[in-house]
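Here we start with a single chain on its own, the form predicted alone, put down as C-alpha cells.
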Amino acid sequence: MTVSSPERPYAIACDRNREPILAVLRECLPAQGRVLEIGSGTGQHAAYFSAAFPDLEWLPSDLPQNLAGISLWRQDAGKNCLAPVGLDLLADQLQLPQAEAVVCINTLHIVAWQGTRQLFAAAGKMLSPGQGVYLYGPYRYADRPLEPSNEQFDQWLKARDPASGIRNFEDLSRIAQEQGFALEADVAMPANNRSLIFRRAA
C-alpha cells in the first residue's frame, strides 16, 4: 500500500481515481513499449500504474519544478518507472519523447487551451497508426448541461486562472481529428469524470 510521507506531494484524488482509471487503461494500453504520462503531478499515478504494468516502461513528465516530488514516489513504483522528464504543453515547438502511448490525467482543464492543441499536434507526429492517447477528467458536452459539481469546479478553475477551465468535448474531439486521431471510447467514470481514448488513424 502506498504511504505518503511529509516530504512527498500528495493528492487524495489520486487514491480515489486510480483503480477506475486502471480498469480502463488495461483495455487500451499496449502490451509492451513505453507509456508517456503527461502532467504527472504528484507522481502517485506513475508509481501505481507502473507497478500495475510491469511489461511497460512508464515515463512520467511535468513542469520542471514538479520533477523532484515525482521522483520521491519512484521508491513505491515498479522498476519500469523511468526518471521523470520536464515537459511543458505550452512550450514553443513542443516535441514529445518517443512512446507507444500517451496518458494525460486531470491536466487539460488546468493548462491553457493551447496546451490541448499542442498535445495532439505533437502526439500526431510522435505516435504511429494504431497507437493512442488516453485522457481523464471532466468535460462539457453540447447535448447536456454540465453537472453542478463540475460547474462549481469550472468556476473555481477560472477564478484561479482565466485560461483554465473544463473543456468542451466537441472542441477537443475536433482538435484530435485534425491531427489524425479518432475517438475510440468515451467512458463514464466516478465523480462526473470521463475517460476518453483517441486512436491514431492509419
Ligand SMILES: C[S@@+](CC[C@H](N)C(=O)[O-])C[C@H]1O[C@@H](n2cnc3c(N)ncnc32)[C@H](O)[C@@H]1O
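Here the structure is a predicted model, which means the values were calculated and not measured. Throughout, we count residues from 1 along the sequence that is shown.
Just so it is clear, the following notes concern the form predicted in complex with the named molecule, a form of the same protein that is not shown.
For the candidate set V111, V102, A77, L96, a heavy atom within 4.5 Å of the named molecule in the predicted complex is found for exactly one residue, namely V111.
Site residues D62, L87 and T107 are all in contact with the named molecule in the predicted complex, judged by any heavy atom within 4.5 Å.
Heavy atoms within 4.5 Å of the named molecule in the predicted complex belong, among the stretches 32-40, 140-148, 166-174, 50-58, to residues of 32-40. Remark: C14 counts among the residues lining the named molecule in the predicted complex, judged by a heavy atom distance of 4.5 Å or less.
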